[in-house]
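To begin, one chain is listed below as C-alpha cells, in the form predicted alone.
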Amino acid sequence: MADYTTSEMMTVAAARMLGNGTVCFVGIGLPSTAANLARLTHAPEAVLIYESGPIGAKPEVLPLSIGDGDLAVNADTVVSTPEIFRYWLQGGRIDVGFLGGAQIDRFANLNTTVIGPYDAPKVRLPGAGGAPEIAAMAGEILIIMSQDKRAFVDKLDFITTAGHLTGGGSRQAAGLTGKGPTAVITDLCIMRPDPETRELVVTDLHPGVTADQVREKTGWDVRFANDLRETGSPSETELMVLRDLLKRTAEAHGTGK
C-alpha cells in the first residue's frame, strides 16, 4: 500500500466524486486541486468552469487566483463573468459546484467573511466571491475542508453561503433551486446530509481514522451512519498524478525547492 498524507487522502476522495463529463464550477484552492486531479485521472471530459470566465479550463499548473491567466491558456473558450453567472449558472447548466470555506456548521452553511463579530472581527476573510450564487443554483455542491473545531463549528460567526440553512425544508422554502451540499470531504471523513433533517452525518471514515478522532475535531455532537464505510485508499496513479501536479505548480510559482 502506498504511503500518503491526510491531505492527499482528502484531495483524492474529493476528486473521485466528480464524474466524467460533469460541468463543474470550481473554487480556488482545495476545490481546484481536487477538480483538476479528477480531470487528469478518471474524468478527462469534465468541463471545469471558473468565475473569471474560462470554460473547459485545462491548466498545466494550479491557479494562484481566480484571475490567473493559466486558466485561460488551454480553456475551450473564455467568456465574460456576467455570462458565466447568467447563462451558465442561472441557466441551470452547472452540474456541480466545488467549494471550500473557513467555517462550516452542521447544516453545511459556510463562512468566508469574518472570524469573530462582523463589526470588530478577529480575522477578516476573503469574502463571498461567487460562492453564494453557486451554492444556490448549481445542481449540487461538494465541499472540501480540513477538519478541526475552529472550522467545524456549532454556530458560524457569519453565514456567507447557504447550505441547508436550518435543516429540513428550509432551503427549498428560501427559494434556492439546487440540491445544496451533497457531500463534505475532509482529511478525516466524508459527511453527507441526512435525507430528512439535512444535518451532516459521517458516512465514510478514511483508512486508519476512528470515530473518536472525528468527534474530537468537530464542534457539534456529530452523528455517524449506521452503515459506516471506509474510504478506499489512494491508488498509485492518483498519488503520482496529484504529486506531479503539485510539484509543477510549486516550480511554476517559485515555491518549489
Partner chain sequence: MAKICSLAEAIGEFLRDGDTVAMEGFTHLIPHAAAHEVIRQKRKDLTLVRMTPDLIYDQLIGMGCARRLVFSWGGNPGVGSLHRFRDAVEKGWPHKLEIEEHSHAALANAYVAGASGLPFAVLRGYTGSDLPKHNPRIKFINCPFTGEQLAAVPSVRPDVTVIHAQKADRKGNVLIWGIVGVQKEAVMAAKRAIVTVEEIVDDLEADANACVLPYWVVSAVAEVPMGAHPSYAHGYYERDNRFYTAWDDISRDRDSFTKWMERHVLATRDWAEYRDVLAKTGGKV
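Nothing here was measured: the structure is a model prediction, and the numbers come from that model. Positions refer to the first chain, counted from 1.
What comes next is about the form predicted together with the partner chain, which is not displayed.
| Taking the partner as it appears in the predicted complex, which of 181-189, 141-149, 156-164, 100-108 has residues with heavy atoms within 4.5 Å of the partner chain? | Residues of 156-164 come within 4.5 Å of the partner.
| task | Determine whether any heavy atom of residue 227 comes within 4.5 Å of a heavy atom of the partner chain in the predicted complex, and answer yes or no. | result | Residue-level check for residue 227: no, no contact with the partner chain.
| field | residue 208: touches the partner chain in the predicted complex, heavy atom cutoff 4.5 angstroms | value | Answer no; every heavy atom of residue 208 is more than 4.5 Å from the partner chain in the predicted complex.
| request: Report yes if any heavy atom of residue 51 sits within 4.5 Å of a heavy atom of the partner chain in the predicted complex; otherwise report no. | output: Because a heavy atom of residue 51 falls inside 4.5 Å of the partner chain in the predicted complex, the answer is yes.
| said: Please tell me whether any heavy atom belonging to residue 199 falls inside 4.5 Å of a heavy atom of the partner chain, as the geometry stands in the predicted complex. | reply: Judged by the heavy-atom cut-off of 4.5 Å, residue 199 is well away from the partner chain in the predicted complex.
| field | Interface residues of 72-101 toward the partner chain, as seen in the predicted complex [heavy atoms, 4.5 Å] | value | Result: 72, 73, 76, 77, 78, 79, 80, 81, 82, 83, 85, 86, 87, 88, 90, 91, 93.
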